[in-house]
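Only one chain comes next, encoded as structure tokens, the form predicted alone.
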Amino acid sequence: MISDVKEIITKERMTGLFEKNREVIVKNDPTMVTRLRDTAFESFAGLGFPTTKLEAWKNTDLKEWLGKPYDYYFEPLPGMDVQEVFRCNIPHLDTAIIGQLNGWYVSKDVPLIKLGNGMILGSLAEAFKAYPELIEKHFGRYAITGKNSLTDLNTAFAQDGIFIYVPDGVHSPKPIQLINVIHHDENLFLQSRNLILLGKNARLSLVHCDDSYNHQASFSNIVTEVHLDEGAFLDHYKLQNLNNNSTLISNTDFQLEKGAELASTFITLNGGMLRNNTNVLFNGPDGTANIHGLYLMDRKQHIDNHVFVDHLAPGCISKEMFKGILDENASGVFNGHVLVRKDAQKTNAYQSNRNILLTDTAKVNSKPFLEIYADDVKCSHGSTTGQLDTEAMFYLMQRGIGPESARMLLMFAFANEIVGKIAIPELRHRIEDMIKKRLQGELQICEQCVLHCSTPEHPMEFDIDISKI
């Protein structure tokens, strides 16, 4: 076991760690990956951690979260029983579960599985050794070195994560559920890397859960690269429910080839400081990307969603809708940037960010942004931030609904516009129940299971059908 003495995270500390442990980090790498790590490390050493002096980070300050003492490990921590860690599942949701514990793939069987239809699932570290041709073709090709210092840091350090490959023409028979769990008695600084590849006309549903099992502080810097070849379809869900001491930086880079289709939904229910960087590149014509997000924040929680959609090719459609409810002293950021390049004619791009602030001390900074260099396009954007509609409250109360119930109904109806887009019925019903609990302050970290996925003793029910309102 190789670890470092617990210290706060600085550029100098990370530099020393890389130089001291480089041989351990690169031991399973194909030659190309080793070269890429060195390049990424040099880039991070020059840039350092982002600060509020950078335009993209002016409303999100990492200083407090980096200032905590963390342990850093270069080998897996002593594992818990796999059945114990990943025993929770969403009732009636039939998925193939892939587990990740404290940044490392865990399995009771083998670390990398090749199914009869050609699909490959398992550890990225094992894929480095077993499928170097796929790694060299795709690793680091979508999360580009030199653009984001935290992506550079991850590229330099990450040793394991999840690898998923769906061959040409293959439709995954069931959704894949990636459960990323943090559970340790000490503060952890984690770097994990995921690589997801869909061949031509392949189809996959992916449910990615970020959970923590206790109240210990952690800092996770996760990078996920996703490539959709021609005609591929990905139905992607990112569910985040972490404790209030957790910091999660999630960088997800999608590249879509000709005619590829992406549906991605981010649901954030808890966490101390969360930042989701979502980048979509249309590398071929006639692609479609629907990106939706919902965040429910309270106390001093902070959520930052950055979405960058690059329309490089013509005839593509992108739609973004992010909605947030912020209570107490919570804060939020939405930054949506759509770039339409000069040859990307016939582009259709839409952005929307809507927020409800429940207190005078909650705040949100919203910046939808269009950058257009083509002349035959349809593009629009909008942003609204306000409080609950007093007229709607009055309407409900006039019909015998108490003020608290009316408040809950309006908030749930607001949130359910996003949840209703979830295409997997069992997942949608469970998320609806979790949101009802969250709005009543009942969905918090427990010692058994963050997601409360087991069937509840007392399901959350509203006494009125809000669809009739």
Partner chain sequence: MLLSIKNLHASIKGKEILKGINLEVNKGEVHAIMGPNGTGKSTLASVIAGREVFDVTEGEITYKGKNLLKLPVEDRAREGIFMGFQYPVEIPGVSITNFMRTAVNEIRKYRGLDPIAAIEFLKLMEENKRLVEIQSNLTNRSVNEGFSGGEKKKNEIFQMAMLEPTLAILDETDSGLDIDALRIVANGVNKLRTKENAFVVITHYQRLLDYIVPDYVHVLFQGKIVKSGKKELALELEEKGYDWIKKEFE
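Computed from a prediction, not measured in an experiment: that's the story for all the values here. Positions refer to the first chain, counted from 1.
What follows is about the form predicted in complex with its partner chain, which we do not show.
### Task
Decide whether residue 51 counts as a contact residue for its partner chain in the predicted bound form under a heavy atom distance cut-off of 4.5 Å.
Contact check for residue 51: no, nothing within 4.5 Å of its partner chain in the predicted bound form.
#### Entry: Contact of residue 399 with its partner chain in the predicted bound form (heavy atom, 4.5 Å)
Although its partner chain is absent here, residue 399 would touch it in the predicted bound form, with heavy atoms inside 4.5 Å.
### Query
Are any of the heavy atoms in residue 39 no more than 4.5 Å from a heavy atom of its partner chain in the predicted bound form?
No, residue 39 sits far enough from its partner chain in the predicted bound form that none of its heavy atoms falls within 4.5 Å.
### Task
Although its partner chain is absent from this view, report whether residue 34 comes within 4.5 Å of it in the predicted bound form, heavy atoms only.
Result no; residue 34 lies far from its partner chain in the predicted bound form.
### Message
Only one of 63 to 71, 423 to 431, 42 to 50, 406 to 414 has heavy atoms within 4.5 Å of its partner chain in the predicted bound form; I'd like to know which.
### Response
Of the options, only 406 to 414 has residues within 4.5 Å of the partner.
### Message
Under a 4.5 angstroms heavy atom criterion, identify the one residue in 373, 308, 395, 350 near its partner chain in the predicted bound form.
### Response
Spelling it out, the residue with a heavy atom inside the cut-off is 395.
### Message
So its partner chain isn't shown here. In the predicted bound form, which residue out of 391, 185, 133, 360 has a non-hydrogen atom within 4.5 Å of it?
### Response
Exactly one residue meets the criterion: 391.
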